[in-house]
Every structure is written in structure tokens, then in C-alpha cells.
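The chain below stands alone and is given in C-alpha cells; this is the form predicted on its own.
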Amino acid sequence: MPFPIRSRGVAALTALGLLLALAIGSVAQSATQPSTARTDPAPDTLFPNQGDPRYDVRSYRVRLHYAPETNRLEATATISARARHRLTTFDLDLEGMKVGDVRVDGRDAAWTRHGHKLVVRPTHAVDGTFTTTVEYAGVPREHTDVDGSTEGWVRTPDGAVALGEPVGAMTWLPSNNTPGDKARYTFKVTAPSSVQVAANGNLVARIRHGNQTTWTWRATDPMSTYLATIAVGKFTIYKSRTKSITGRRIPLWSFADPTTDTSATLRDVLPEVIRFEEKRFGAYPLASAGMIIDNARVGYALETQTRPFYPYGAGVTTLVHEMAHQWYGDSVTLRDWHDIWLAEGFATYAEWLWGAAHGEATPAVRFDRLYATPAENELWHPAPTEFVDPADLFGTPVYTRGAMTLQALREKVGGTDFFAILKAWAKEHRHGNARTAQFVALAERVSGEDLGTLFSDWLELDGKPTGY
């Protein structure tokens, strides 16, 4: 039986030899939905109470002091943003934690808490660029989904790791917590010198002062909140480089808990996986790569940007999946959670490509075996973009039927156009957000085919598509 490999999903091998993910969900949000002007983007359709579409964050600068023995954070987040129009109030998402002070453009601001909403009322209305500083402290909560799975600031035996998909970032970071608002991040984390700190992007400074060390990580590529991570604990650090197909040297930072360091195989194969996926998806799109392997008992891997998180025992297929997300999900990010197949379907298809190249069934054979699944099977319900229950966000249709959609496309347009579409998708929407309709339009433009019926059958039809 393969190790759980999905972003918030669990893999299981059926009698057909099919890799399927167990559905998990997320807690329904209790706060009131922020008001929006007509010119604002719509809130996320699955989590409408997450985020505030009236402004765009440009950067987060986060200073954290962390005490592993008590799991306590003392933090300051400085958030640079641009209002879409004049705002007398705006919202940040923050679950738990005690807020000490909020300032907007250097002036004290009034604020209130409503559920996970931190509602800020600046002294003067903001219009255009503005900066918000939030001072907060406390012991961050783990966020528990309706199925009992765990995300957020997850405690480990010697520290913690932040795992944010879909909404857990708000347990430790006041933020515009929706995938459609990507920003750049700087994390400056001070912790005891007896532990190490990993995060997204590049390590730009590590300064020891007495028995404390401050680690500064900078993620210069735009990133959604759910992909942000910080891991604090006793790690063995491995640093190396690999060469991109462009000739660029990609820094590799990997952090592994030494009590059960299972990273050797994954670290050895990582450069090969990057080259394999570059040949099919285009040049690696991010500043660095690597991994975090830690003893967080959550039962899943997660594609935290540049430095995916893996639990103990994760295998190469898991690595292929999470690294494929660096193109599809991390660099090209869904704008709305109902388009998550653009991440998980693509990463699952990457597994199929890797397997075929290493003596396993081809994507066509996998498709045929899956298509033989009876019509009442969970594979066919609900359709990948049409679910309404957050519990279906990481369900089998999103992963497996999502990958089948890509194989159906490949068989329709041919291999040459298919891989041209994959590369163009990664290139044209690099570091941005995108929707399913944009992928359909791109596929039709590249192939010259009318593909509306194909995508409607595979992504919108509840039930088994016919005629394939």
C-alpha cells in the first residue's frame, strides 16, 4: 500500500491498482462575509468567508520569536497592500492568538475580532497602497477539519511546522487568506540555537546572538497563503544545487528530523525528478527547491512552495506529485478552490508520466482501467469542479478524474499539442492565478479544436462520461 501522498489526501490501492484519494474537508467558516464593491472580484466560492477581495497584498514581512518548549509565538506581521478603492474598514484572517496592537500607515487603528476575522478600522480611510502592522502573541491553534484531519500550526515533539491547506495559515499569520491573493514573503524567525528553522524561498541570513539564532528566509516568487510554511525543530540540514534546463543553478535546501532521517532516497532522486518534470512542463519556475521531513502526525504530504513537507516514509511517487505542484498549484495557482483539479489533477498525471517512464502502466492504460470503474463508484461523483461540500475538496474526482481529464485531452489533441499545452499553461500563467476556463481557452488555441464538450463531460458532469 503506498504512503499517503496527496495534498491533504490519502492514497489507497484498489483491486484495480488505482491510486485514489480519500475525501477530506475543512471547517465551515463562521464569520460574516466582507462587503464588496461591484468592481471587486467575487469571494472564493467554497470558502466565501476567507479573505477580503477589496484589496491585494503585495508582501508580508513576518518577525516571529518562538519558544519550542511552550509552543508560544510572539510576532509582528507587516502587510503591504493596495486597496482596490477607498476603504474605511478591511479584514484580515486570524484564528486564535491575542492581538496586542494594529497600526495602519504608522497610525494606531481600531480593531475588533469576529470569529476568525480581524476587522481593522484605520484612522484615515485607505485608498491605493497602505501598510498594516499587527502585533500578536500566544500559543497557535491546530486547525481541525470536519473529518478530524489537522492543519495550521502543527505541534511536533521538538517544535512545530505550519501546514496551511486550505485555511490553516490563519492560525499563525494574520493574512488575506485566499488562494487568489498571492504575495511575496520575508520570514525572520528567532528561536533557540539548539533548533533549526526552515521556510519558503532562500535563506538570506542566519545570525546567532547568545543562545538564540535568527533565521531570515525570503520567498521572492509570489505565493498564496496556504503554501507558506515555517518549520522549527532539530533538523539535519542538507544543502546542494542542481542545474535547470536553462543552465540556472537551483539551490536545494532540505531539512530532515534526525531521529528518523528517511530523506536519503528522496534527496538523491530530487534532481532527476526536477529534470524529468522540466522536460514535460518547462523550466523549473521557482527560486529554490528542497524538502522538509518532520515528525508531524498529520498523515499527508503538502506542496509548501519551494520546500514541500513530507512525513516519514514518503516515497518517490510522493516526491513526483509534490514537485509537480511547484509548476501546477504553486507557480500557477488556482484562483478559486473549485478549480483545485488544476493542481491535484495535474500532479496526479505527473505520477502517471513518471510511472510510465519507469516500467509501470502508461497513462492510457491507467485511463482505461479507471474508466472501467462502475458508474456508482466515488470516482464519478461529484464532478471535479462542481462539488459544494468542503469535504469533497480533496476527493477522488479532483485527483483521479482530474488526471483522466488530461489523458482524455491528450487522446483528443495528440501528444505534441498536449505537451505544448502543458508547457504554455505553466509559462503563460507563471507566478499568477488562473481558472479552468482559461485552461480550456488555451487548449483550444493551441490545438485548434473545439474542446468545450470534452471538458464539460469530464469536469462538470456528475456521473460517468460516456463515449470514451
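Don't overthink the numbering: it's just position in the shown sequence, from 1. Bear in mind the structure is a predicted one, so any value in this text is a computation, not a measurement.
One more form of this protein should be noted, the form predicted together with a small molecule, which is absent from this view; the next part is about it.
The small molecule is not shown here, but in the predicted bound form it comes within 4.5 Å of a heavy atom of His321. Interface membership of Ile292, defined by any non-hydrogen atom within 4.5 Å of the small molecule in the predicted bound form, is ruled out.
The closest heavy atom approach of His325 to the small molecule in the predicted bound form falls within 4.5 Å. A residue is said to contact a partner when one of its heavy atoms sits within 4.5 Å of a partner heavy atom; Tyr300 meets this definition for the small molecule in the predicted bound form. Stretch-level contact check against the small molecule in the predicted bound form with heavy atoms at 4.5 Å: of 96-104, 391-399, 276-284, 377-385, the positive one is 391-399. This chain is displayed alone, yet in the predicted bound form one of Thr362, Thr220, Ser149, Asn71 has a heavy atom within 4.5 Å of the small molecule; that residue is Ser149.
Residue-level contacts in the predicted bound form: of Asp181, Asp336, Asp257, Glu165, one residue has a heavy atom within 4.5 Å of the small molecule, and it is Glu165.
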